[in-house]
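Only one chain is given next, in structure tokens, and it is the form predicted on its own.
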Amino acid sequence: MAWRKILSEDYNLPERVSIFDTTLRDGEQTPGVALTPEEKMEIAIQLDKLGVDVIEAGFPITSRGEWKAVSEICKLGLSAKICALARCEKNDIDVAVDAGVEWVHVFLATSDIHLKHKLRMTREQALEKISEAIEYAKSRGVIVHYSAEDATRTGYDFLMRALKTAADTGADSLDIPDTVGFAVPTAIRRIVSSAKRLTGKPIAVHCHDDMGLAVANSLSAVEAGAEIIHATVNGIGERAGNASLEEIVVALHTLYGVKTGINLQEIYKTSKLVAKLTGVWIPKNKAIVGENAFAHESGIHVHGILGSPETYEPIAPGLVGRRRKIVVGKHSGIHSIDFLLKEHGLYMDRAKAKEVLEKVKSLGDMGVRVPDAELKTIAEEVIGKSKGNRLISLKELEVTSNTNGATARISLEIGDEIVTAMSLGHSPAIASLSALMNAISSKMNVKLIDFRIDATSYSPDLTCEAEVVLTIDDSSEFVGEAVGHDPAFVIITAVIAGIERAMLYSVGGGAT
């Protein structure tokens, strides 16, 4: 990377950065998020597979359920170090240590704003409390990680005094939190550099995203020599969230050449799990894990991608457990059409392919999105192929619902046979999906790996999008997508599209 050589003299990069994951603590403080102990354990296991160095499992003093979750995570025998948060109070520290953690993350604010309006203590009292808490935590036999809450709004001289006090008292590492996302990268670099020179301890940063600078500030800290980065999966957390783990890690590996212990191929799987269990869904345009991060529509871009992926992809999607996605719309070119039609087992001359492209562009001009299933329908109409020739098709769907849930009855044509099934669900879409899977299971071994249904109401007509990931006979994973106005029909169409793609692949050897 040309710029890296130019700036290398300005950097003090560590060889390796430890990832201190706080998804289960600060991430759970996202407004509206509340995880059960079982859900926290499930995430902790996946974080361990991801390869984070430290899992901040929670704030045990807050509730019985929180203490139980931390305690149970400690019993899992994970490779990651398990940490718990504690105020600079003996009771907090005792509760954390008694839960079984190896690390205790003690914090006390140092800014005049917090000292005056929240803690109601003087600077000298704060220093004394920091010292007492760290000494006590060390006496309990744990690794002590001290955070100077609101560090970036603390007077520089006093912040250095507080960090030096913590270091001299025995803190094993020191954290500089940008608690309200108020710092800029240059300031973070200066603070980290000073703290390292003054204390000689490993330095961490904990950056919030109120100004959209959390990742930039975290990377700036690494440039100054910080060895520990606090982050959350998908960047969830208080207010605008925390520094995004996936963005930091990929940037460190690919832009800076700095090692972490993260298994990059587990990033997307971890992201999806956290989104599912927290209910905080991922913006489509989010870096690394967003739906569009490796999606291409522009004809110029697709032409380049099909020739050499590095033309418009900074990293290969497989590096982080993703797939490349080619979509069609008003910006598409003929190369996109050719590629996707071949994936559906449809071959046509250039004139007919251009006719398909013009229909796609016309729909795009009207604001209509064209998913794979719709593209196939358009192509079949152009070449005069009957829809009845499809490998699997929906013949009938009947759904009834009330306040207690929904019942769905479905009829499918699979090959030359009609298959029916019924199912219950808490919503029409879920009942329909369950009925569909019941019907299909009688004829083939289809496993639904993951699915999502997004519905928006920005216009009078409800628009729904569905994406499913599935396998047939435990083969490779295939994706099916659909768009429409009824969630039940949309999810069924997406599953059928995924099954047809998988079946075509197994017959014709196509690509996913």
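Numbers for residues come from their place in the sequence shown, where the first is 1. Nothing here was measured: the structure is a model prediction, and the numbers come from that model.
A second form of this protein, the form predicted in complex with a small molecule, is not displayed here; the remarks below concern that form.
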query	finding
Proximity of T179 to the small molecule in the predicted bound form, heavy atoms at 4.5 Å	yes
Distance check, D175 to the small molecule in the predicted bound form, heavy atom within 4.5 Å	yes
The small molecule contact at E72 in the predicted bound form, heavy atom, 4.5 Å	no
4.5 Å heavy atom contact, E149 and the small molecule in the predicted bound form	yes
The small molecule in the predicted bound form: contacting segment from 441 to 449, 23 to 31, 46 to 54, 470 to 478, heavy atom within 4.5 Å	23 to 31
V222, L436, V289, L85 - the one with a heavy atom within 4.5 Å of the small molecule in the predicted bound form	L85
Residue among H208, R189, K376, H296 with a heavy atom within 4.5 Å of the small molecule in the predicted bound form	H208
